[in-house]
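Given next, in structure tokens, is a single chain: the form predicted alone.
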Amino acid sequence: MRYSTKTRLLTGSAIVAAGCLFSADAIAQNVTIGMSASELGATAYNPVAASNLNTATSLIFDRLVEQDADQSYHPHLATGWEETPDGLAWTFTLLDGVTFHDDTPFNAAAVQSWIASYAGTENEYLVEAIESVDVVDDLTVRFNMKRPEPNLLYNLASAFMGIPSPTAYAELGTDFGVTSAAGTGPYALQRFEIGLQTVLVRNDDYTWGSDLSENTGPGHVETFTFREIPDQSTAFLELQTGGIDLLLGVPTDFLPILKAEANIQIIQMPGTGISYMPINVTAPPFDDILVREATTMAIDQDSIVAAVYGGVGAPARNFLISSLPEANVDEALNVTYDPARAGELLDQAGWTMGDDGVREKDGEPLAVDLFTANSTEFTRLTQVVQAQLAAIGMDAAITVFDSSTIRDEYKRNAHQLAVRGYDWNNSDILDWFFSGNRLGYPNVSMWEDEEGQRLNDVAMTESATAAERIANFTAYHEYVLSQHLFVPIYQPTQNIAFNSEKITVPDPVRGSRFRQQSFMDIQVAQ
């Protein structure tokens, strides 16, 4: 197991600026958050260029648009918008009186600069449909489109479209989001220790929260500290003993224990991602589609939900969360447990069962590497997956990495199988993980395919309406499933637990995730 931790602090001038955000007569109110396992390993608070962000990002940066749990869109830094009938222009009116943490103004010119900053980054696809941006006036901006983009509002509401200060972004370059960061959000970055913790301080000038929060600003809490605790058992104990006040991503096996605690309250929300096992199609024996198909049939999703997750959540049958219409694929393509058929496929591929229970071919055992990240949930799940692979004659050796190192291993093409998860409630996650333009990470399957890329490009760039987009992504999803590039395992719920003696948390939670809108309404209990 390898770890690499680096500490980055604000510059002296930035610390002074951040200090100015405190109200002189404010009562000290500090809340500590334990991050979820899926959010560990962020190396920068840079929504434009980062491939991995966490919840704290939503407090540093605001977005033009916010998405509620019912998928509706709400104004934030944009007070309104209008799309032309042909979909080739969007005009946004902007909120007046907003400033970045570095005291520079938020206006139409800042939006124009921000959109341009995506060029050449992994996240460029979010704005790829925008041909140019016109500053109509100080508080009006027009996006001139290359093509209609029915997914534009979703993109604008994503964590990767938080708006940074153009001045700070240009001055800091690659250090933006590492040594310092400036957005318009309700909290400013005070300290970032990579792999350990992030400390945010209240922006006392903030009065422009979205209508998803009762409190539009400033925040009730003075300081939020987000801690990265890879071992979820440790995080669970920290919540019990008061080391943290709120825990994101509570493993389901801890829920019964926490529910018995008088001072702990649980919030459960629909999940926005799945846990799955990507298969590296370039690594033998998985360059054989028969072996890949057999591997998909080896995993018993139903027993995993029952035994590992206590019946909380649901089995995953394909790559998308079941609430998305693009998840409604041809039933024959959904992945289900069938060990007998898996055995037949491996026999067909020339892998015969040995006396020791491990299959072999040409004198070589069916021995593979199985990677996972060092969180309690993923290591426990990976052990179950290992046992189920063994049942079909595949000897999988588990290697555990910290969250940053495992991505480096993917990029080196050093993996065969892995157990991991994603958190995204839109079908364009297929482009993120299966486009041939992103081999290594995030395309962990290392899949390059001419027809697959064609279907990807049609879905991403040739959908004029929402209905066309659903049809195109469904076709792409079905083709991905036919190539057996991964094993879907589990659709989790979002489980949040907090110490009700220390803080109060809004109920119900607005938004598809527990993000800025909920943190704005957290209060320290009196």
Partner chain sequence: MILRYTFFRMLMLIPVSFSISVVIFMIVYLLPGDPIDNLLRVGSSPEDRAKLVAQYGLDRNLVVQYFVWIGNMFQGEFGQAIVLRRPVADLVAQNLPYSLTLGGLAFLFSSTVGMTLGTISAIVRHPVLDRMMRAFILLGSTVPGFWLALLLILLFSVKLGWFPVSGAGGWQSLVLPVLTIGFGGVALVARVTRVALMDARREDFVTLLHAKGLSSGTILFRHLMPHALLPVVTILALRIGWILGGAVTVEFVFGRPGLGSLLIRALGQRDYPVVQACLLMLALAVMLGTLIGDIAQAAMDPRVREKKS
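This one's a predicted model, so the numbers in the text were calculated from it and none came from an experiment. Residue numbers count along the first chain shown, from 1.
Same protein, other form: the form predicted in complex with its partner chain, not shown, and the subject of what follows.
Contact with its partner chain, judged by heavy atoms within 4.5 Å in the predicted bound form, is confined among 181-189, 289-297, 114-122, 303-311 to 114-122.
In the predicted bound form, no heavy atom of Thr379 sits within 4.5 Å of its partner chain. Using a 4.5 angstroms threshold between heavy atoms, Tyr73 stays clear of its partner chain in the predicted bound form. Put simply, Asp449 is far from its partner chain in the predicted bound form: not one heavy atom of it is within 4.5 Å. Its partner chain in the predicted bound form is approached by Tyr441, whose closest heavy atom lies within 4.5 angstroms of it.
Shown here without its partner, the chain carries Glu193, Thr234 and Trp432, all of which come within 4.5 Å of its partner chain in the predicted bound form through at least one heavy atom. Only one of Pro278, Gly393, Pro315, Pro230 lies close to its partner chain in the predicted bound form, with a heavy atom inside 4.5 Å, and it is Pro230.
Contact with its partner chain in the predicted bound form, judged by any heavy atom within 4.5 Å, is made by just one of Ser322, Gln348, Gln240, Gln453: Gln240.
Along 404-419, a non-hydrogen atom within 4.5 Å of its partner chain in the predicted bound form is carried by Ser404, Thr405, Asp408, Lys411, in order along the sequence.
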